[in-house]
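Quick setup: one chain, the form predicted on its own, written in structure tokens, and binding and motion questions come after.
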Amino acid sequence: MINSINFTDKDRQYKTVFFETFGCQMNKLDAELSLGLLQEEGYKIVDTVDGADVILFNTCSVRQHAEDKVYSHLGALKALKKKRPEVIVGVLGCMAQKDGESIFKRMPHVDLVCGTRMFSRLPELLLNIKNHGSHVIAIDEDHIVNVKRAVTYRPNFYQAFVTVIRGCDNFCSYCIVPYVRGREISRTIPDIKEEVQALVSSGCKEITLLGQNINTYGKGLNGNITLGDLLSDLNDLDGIERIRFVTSHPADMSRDLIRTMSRLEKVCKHLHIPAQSGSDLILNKMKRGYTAGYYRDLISYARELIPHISVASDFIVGFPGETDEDFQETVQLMEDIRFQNCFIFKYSPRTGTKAAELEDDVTDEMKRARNMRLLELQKGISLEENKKLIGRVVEVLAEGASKSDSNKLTGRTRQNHIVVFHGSREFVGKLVNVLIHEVTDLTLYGTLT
């Protein structure tokens, strides 16, 4: 373990850092917190590796493709490291936690391996490398992440992610997250409220509460505290306009939480609740803890209480043993639920998980075909559902200029639809009403009313 270091003015000399993040929203927030810490120690963020003193990759291990991409990026840095040996190259996050020392063996020019619970010590780890040499590793599984957030540093001035629980205790058979993120640890409500109040004071209008399994928020805290309690407390805070939360696990999503959502006006009526499969046989192999019928009933209950709620999902195709009949049950679930949108992935074995012990018997060709089938199905459903919004007025939080047309603004509805509309910069950061007149499967287009 690295001993605590007291920084001097000499240590805080001007340096540059290139930082690239892969993976989920939790990774993006960890990147934001890490860069906030580095800025406080005098680092300047740069957009390319060429002029950087420090090059950091915040990694994902959920799929093999994500890891392969990082190793490709690291391999490309060998020539730069040979030319400029003083440059520090680091691997952070889930892949660092999983692979540990083996990263140094595969990529000897890497200087730092920093796990998912150690990024709060990033400045002193970098200083240790500068003073004592490379191959510093920090992957303590029991370290509690506690970062005093620099709230003024965030990508979007009017929105912010807020971690409320880290880790996961579900151990789905295909998932590496519990092994790289650790067991569930909840933050206290006062601690979260203090962070949210600071964000609101700096101009934030919308927060998204994050957790690998956010529905179990409260685990480990004194008393019978739930996510509903946290939402209720945050709903009462002045200045915050909208509250979102992700990601929900169907087995841990209570009807009481749905009832709480229905009565809290600031909580956005949107659920990201991954089904993963429509086949009970595959769900059982995945160790998901529910059936397709349970999932259908849960969504029906949510729509009964909150008629305009939108639902998004995740699916994995080509899980070991998935037959044509199993896949067709997934197709049927998508057709029945009619999700707003879905993230669809081809199964890839993750070493250390239970599913990795099963024969990966679905061919790559079949995985690609099933993946494309679901993508096309979802595209059609999204377009049909979005067309129902033509002629309606929706509330949008204006986030800034549209990436596709700088003369227009973009934002999201409470149901998480992306909206592009004509409007001047004076509306950025405000809740506005937009009349929808055109749609695609991904975007709504309209004019201010």
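The model shown is predicted, which means the values in this text are computed figures rather than measured ones. Residue positions are given as counts along the sequence shown, with the first one as 1.
We do not show the form predicted together with a small molecule, though everything after this point is about it.
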Query raised in the report: What stretch, of 358-366, 97-105, 154-162, 340-348, brings heavy atoms to within 4.5 Å of the small molecule in the predicted bound form?
Result: 340-348
Query raised in the report: Since exactly one of 283, 316, 126, 298 fits, which has a heavy atom within 4.5 Å of the small molecule in the predicted bound form?
Result: 316
Query raised in the report: Out of 274, 321, 218, 228, which one falls within 4.5 Å of the small molecule in the predicted bound form, going by heavy atoms?
Result: 274
Query raised in the report: Does the small molecule come within 4.5 Å of any heavy atom of residue 175 in the predicted bound form?
Result: yes
Requested in this report: Classify residue 62 as contacting or not contacting the small molecule in the predicted bound form by the rule of any non-hydrogen atom within 4.5 angstroms, answering yes or no.
Outcome: yes
